[in-house]
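Encoded as structure tokens, the following chain is the form predicted on its own, with no partner shown.
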């Protein structure tokens, strides 16, 4: 992880000056404020600000005054009910603002979640740092033979070394040319907004990303999933840890009903009922496609193995 001296000074200054407040706070999130949590080789996630806590979710659901808390057990039961029945509005009452440093190709995936407010570092005004994401050898893999957007077997030995060398050399060469095009040493130099076009997708960018808890849970459900690309999942895993400290009751319900839960189609419910009634179920008599059947069996295990 790389922080600039200015960022380090800003973090130290913010953490050194606690401020009194009348608003509801989360003790877990207060400990997280401003701290940079490393991700990948040069990236990080840090909390800039937040609003609300578990009690705020319950307060909004009850449309009550004050803290809105009857008891911890009552609040937990209410939050689980809201999560179980997909009542999203109370979770929208909590918001968080992150500062994230991430490779451009990860940012392009991330920005598809169009339910947040984003302000990105501008390479039109500023010069990007010479920092690139270079995967660890264990994260270099061949194309999956069963998933067109996934990874297969890990590359090893000479092949892995060859790929890593190409990634490093291409990144450094492109940045050398970037600096050369920007140079005004006896030349006009190319505008920053044009010189940046030659940079690779593994260069690091930064942004502020503000989102409400409901939409953050949706982001995490997709990006913390085992099928998500490793690089964005690494960020999602760190954010999961932060959210667990921020709203522990809500995160516990999210973990139970979303991360650890499963959604069944009407056809899937029918197949389970048929199996419980003693019928032997196969892909041929299931009415499912091969791909759908493979996913169904992977979820429900031996009960549906042929």
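None of these values were measured; they are calculated from a predicted model. Positions refer to the first chain, counted from 1.
Keep in mind that the form predicted in complex with another copy of the chain is missing from the display, and what follows is about it.
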| query | Any of the heavy atoms of residue 239 lying within 4.5 Å of another copy of the chain in the predicted bound form? | reply | no
| query | Is residue 56 one of the residues lying within 4.5 Å of another copy of the chain in the predicted bound form, judged by heavy atom distances? | reply | yes
| message | Whether residue 37 contacts another copy of the chain in the predicted bound form should be assessed with a 4.5 Å heavy atom distance threshold; does it? | response | no
| Does residue 245 reach another copy of the chain in the predicted bound form if we count a contact as any heavy atom within 4.5 Å? | no
| Which residues within 102 to 119 place at least one heavy atom within 4.5 Å of another copy of the chain in the predicted bound form? | 104, 105, 107, 108, 109, 111, 112, 114, 116, 117, 118, 119
